[in-house]
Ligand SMILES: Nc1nc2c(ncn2[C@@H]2O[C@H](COP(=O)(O)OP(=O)(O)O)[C@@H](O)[C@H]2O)c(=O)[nH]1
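Here's a solo chain for you in structure tokens, the form predicted alone.
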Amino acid sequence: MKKIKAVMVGQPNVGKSSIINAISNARLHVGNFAGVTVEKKEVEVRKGEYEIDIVDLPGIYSLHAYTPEEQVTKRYLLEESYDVIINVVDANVLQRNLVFTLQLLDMRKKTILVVNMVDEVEQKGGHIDAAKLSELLGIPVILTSAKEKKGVDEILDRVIEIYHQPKCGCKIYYNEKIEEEIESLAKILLKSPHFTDYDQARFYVIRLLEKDEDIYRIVHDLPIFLELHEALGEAMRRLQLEFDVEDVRDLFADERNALAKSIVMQVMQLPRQETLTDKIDKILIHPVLGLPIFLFFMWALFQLTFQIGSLPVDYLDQTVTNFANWLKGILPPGDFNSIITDGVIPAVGAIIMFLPNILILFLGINLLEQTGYMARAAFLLDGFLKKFGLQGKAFIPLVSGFGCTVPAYMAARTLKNPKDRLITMLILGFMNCSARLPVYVLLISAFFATNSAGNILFAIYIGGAILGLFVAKILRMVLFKGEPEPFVMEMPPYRFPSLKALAMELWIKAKLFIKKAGTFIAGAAMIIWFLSSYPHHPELESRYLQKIEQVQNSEQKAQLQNELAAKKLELSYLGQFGKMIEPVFAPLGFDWRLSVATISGLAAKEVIVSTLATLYAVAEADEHSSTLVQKLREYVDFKAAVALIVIIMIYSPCVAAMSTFYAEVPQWAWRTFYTIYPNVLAWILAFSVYHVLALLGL
């Protein structure tokens, strides 16, 4: 069995994974690249007498790598051993993708070009001449549609075919003056015994002219470095004078853009009639109507999230209560019975009740992404974000923050400028993640009218985002002076969402949520139960039990039972901790219970709900008044509830999110600032809101 190793590389979202999934009889292995957390996908497939190993490299826009994923891909291309490069490009944005292809062809390695999503071009009445494209580039070209499994099987045949060729037949050359400088410098490199291949020397020279630090480090220790360094400087000066450019990198970028444009003009035909996408875009990205339409979509999404998501809440609440009561009667009396029926089940149940709300929110966001509207939203908000000192591409991690802050921090890697990336990461906590949704729904249900609930939820999410923008503006003016980098994003065609993909995404989200509720939240609930149940006070219990036995009136008995539960809770470890931190939160109208719940939210925002369920519903005998909403109305003031909402909107995200920030930002100064400033800001704004409401008599 002969082995061939191929690497699949291309810009993000060109469909590499879809092509790998479409290759029949392939065995997929998923792991991480050595030393980093970047995912590595590898497939093994047999074709005749050949065993082909294909490594799917992370998406990369250019060999000028910025993000960790791009660095991994670049390092693999430069340092690892492989036989064939499979370069995948998107037919819809062929010219932009070919710029990276031309960089790959500089390497002069055996390369195949796979033009994916060609079906979308053909649906528009367009056509790509694969033979002409192959002739111009000097490499095999395959037209594919991974979605329709068209042309995918041909990839393996071409890999085997090009494997047997002596070398790449690439035909790409630059301007005559540029090639003269490349050849002159390559001759110096070839003086070193480390270089025996002209093609490799030529590639290294191009990268050196483009100020590639990775290549510079490789040649720095060679004996011919001094001669090369001097000649390189002179070559750059000559090219700058010849082409009137300040940076030779701009010269190569212009050359590749011109080549890519010329090639596409020769091989691609598109009808000039207005497409359906163009017609829709006239409305959705209209300079005046575009932004109000986007805000309307977001408002409608939050209305649906609350109105539809709240329908099964009472049913789920009653189911959880009935299950807890049933289990209480089956399990033997004692601590184990109490920890399960009074601690874990009410806490986990309080979280599970909000699963419908979260799934509706995720469904809406996924629909916006799959249809192609999210890219339009980024375009609409680009100019708006720049007014607040944010780079347009920041929209992607900011929107991701509405789902979960952890991947949002990772999505910020796409921002190449360190200042832009750090500002974006410092305000991501203001984008209300889905974990906060159960807390908001609970507090809105308890303290606001049902007919205005959706509007309140929308106001919370928009309010958090607007506050984040103002903080970004202040950070840009005070700590990160300078203008954000310009932002360019192609507009994908509108696509009908894949129902299978939507269902799978929702299933994964639901499974992860339930798993978190059944493990982490349940564990937190056990800890909260233990702290709220111990130490025992037999004398107190005995005294109250005597009083209860002497009373005949059922209402007085219930009142005494509630008093006993309240005193036991107040004397517990949790009560002692709450009393200790209460002075910090007292100016916000919080009692010790709300103070404890607020601190517990640092573990995970959903824990606030389960903590409140434990603190306000423990030892409650009357099942008709045991719902958390009713207990909150009884014990929490409206002003304090609004202050709590403000705190949750602003203060530090969960431990997992904070850990991700620390991993992404190694500087301790910024870690410290990130840890302190949102909590101080949250307290100040919550204090202000509480006292303004007090002045208004609310």
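For the two forms, the rigid core is made up of the largest set of C-alpha atoms that agree within 1.5 Å on superposition. Residue numbers here begin at 1 and follow the sequence given. Computed from a predicted structure; not experimentally measured.
Just so it is clear, the following notes concern the form predicted together with the ligand, a form of the same protein that is not shown.
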| item | value |
| --- | --- |
| Proximity to the ligand in the predicted bound form, single hit among E120, E135, D247, E227 (heavy atom within 4.5 Å) | E120 |
| In the predicted bound form, the one of K124, R495, H194, K579 near the ligand [non-hydrogen atom within 4.5 angstroms] | R495 |
| is_contact(V14, the ligand) in the predicted bound form, heavy atom dist at most 4.5 Å | yes |
| A146, heavy atom within 4.5 angstroms of the ligand in the predicted bound form | yes |
| Touches the ligand in the predicted bound form: Q370 (any heavy atom, 4.5 Å) | yes |
| Any non-hydrogen atom of S610 within 4.5 angstroms of the ligand in the predicted bound form | no |
| Stretch in contact, per heavy atom within 4.5 angstroms of the ligand in the predicted bound form, of 110-118, 586-594, 287-295, 318-326 | 110-118 |
| Large Cα move at K150 between this form and the one not shown, threshold 2 Å, rigid core | yes |
| Rigid core superposed: A324 CA moves 2 Å or more between this form and the one not shown | no |
| Shift of D90 between this form and the one not shown at or above 2 Å (CA, core fit) | yes |
